[in-house]
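One chain is shown next in structure tokens, namely the form predicted on its own.
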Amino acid sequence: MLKLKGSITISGDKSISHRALIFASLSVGKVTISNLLESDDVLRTLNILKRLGIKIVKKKQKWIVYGNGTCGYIQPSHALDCGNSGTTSRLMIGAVSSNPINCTFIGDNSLSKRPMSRLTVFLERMGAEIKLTKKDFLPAYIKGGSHLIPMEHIMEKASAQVKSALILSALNLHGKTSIIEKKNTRDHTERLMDYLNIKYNKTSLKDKSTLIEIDGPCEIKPKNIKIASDPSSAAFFIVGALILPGSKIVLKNIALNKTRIAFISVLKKMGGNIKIKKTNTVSGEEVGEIKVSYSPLKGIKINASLSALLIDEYPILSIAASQASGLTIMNGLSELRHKESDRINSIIKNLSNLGFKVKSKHDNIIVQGSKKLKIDKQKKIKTYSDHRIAMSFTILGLLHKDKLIIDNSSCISISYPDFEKHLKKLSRIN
């Protein structure tokens, strides 16, 4: 029987890679980035920055970015193609909004169905001229300017991408921008700002919301950046080791950012044998190694209050839930409707097709675990071109040799081009 054994170093973190490239482009000089994730999504950001006049070259295994400052983007001659990357589209729309240039952003069919107005409504209030397709989608036309009005933004919906886009816009504005988050989101942007010595204030308010203040314009001095390994990518192997008897793995150099490893607390609560050891700090991010051993899992209730911190891990958590004893209830998943696919639909349909008892109710997912379920004939997994759905069901497929057929495994390259190579390195047969 297949099991996972051994040790690997996961590829660079996707969220940090996007942000490292953008901050490097806004600096005033040469920045060397190591361990950059060279996935389709991240390369979209890289190529858009090139179209905006940023010189970027690769030497050996490192990327060198020659920044032009916070007002250094030039008028692009072509539309800026974000492909499938929501992070690219939202962060770059924010970054260009305070530059006096006109840009058109486009994306693939999936990205063109994802809402952009949740960001652009803030930028329009500041004075940016933006035209969205059907008032919400790409293609999007934006006329930016350094004349935008710095102001207070109150974010009722949790979104690290929207927060980061507003921060990037504020860096080139004259005056104070205030961003109030009602619910805390991932803080990679702030950690990079700390590491790069960009001045800003972050305080907790009495109602448990968070206030971020930036007094622009800001000058970013060049500083080399090393990318920690991606905990969201590690999640697939962690769950794989938990559900495959006899498995024992060690994952190295993983970013241990508290806003990114909430899924580990969830898996521990389910009974997972997972040990974390901090080893270093890399460009503002704590990193360490994660040891995982096979464990019988039990179903639990995952509260809606965790949804902003688990947004990328729900697909693989649903796989863990399918192998747990009892019910797993995941509440407050409305944001999953707006990812690379409608992930609630993607999870429900694929698990149901395999014979698991699973349902959705009011944007919640309820899974009845069944380790005894046998899949006797081949079943096709419909990924909806969603990389996290593809990887999650690839992991489940390890329990059912050759029975699960992934309809589009190529989409995995969006976030983790080395996934298959790393999985093969860990795979062992008793």
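Throughout, we count residues from 1 along the sequence that is shown. The structure presented is a predicted model; accordingly, all values stated were derived computationally and were not measured.
Keep in mind that the form predicted together with shikimate-3-phosphate is not shown, yet the notes after this line are about it.
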Checklist entry - Can you check whether S11 is within 4.5 Å of shikimate-3-phosphate in the model of the complex, heavy atom basis? => result no
Next on the checklist: T259 versus shikimate-3-phosphate, in the model of the complex: is there a non-hydrogen atom within 4.5 Å?
Outcome noted: no
Item to check | 4.5 angstroms heavy atom contact with shikimate-3-phosphate in the model of the complex for N331 | outcome: no
Next on the checklist: Within 4.5 Å, heavy atoms only: does H153 come near shikimate-3-phosphate in the model of the complex?
Outcome noted: no
Next on the checklist: Partner absent here, but in the model of the complex, which of 192 to 200, 307 to 315, 95 to 103, 73 to 81 has residues with a heavy atom within 4.5 Å of shikimate-3-phosphate?
Outcome noted: 307 to 315
Checklist entry - Which pick from Q323, Q161, S110, S295 sits with a heavy atom within 4.5 Å of shikimate-3-phosphate in the model of the complex? => result Q161
Checklist entry - Quick one: of T87, T210, S283, S178, which gets a non-hydrogen atom within 4.5 angstroms of shikimate-3-phosphate in the model of the complex? => result T87
Checklist entry - What residues, if any, in 360 to 382 have a non-hydrogen atom within 4.5 angstroms of shikimate-3-phosphate in the model of the complex? => result none
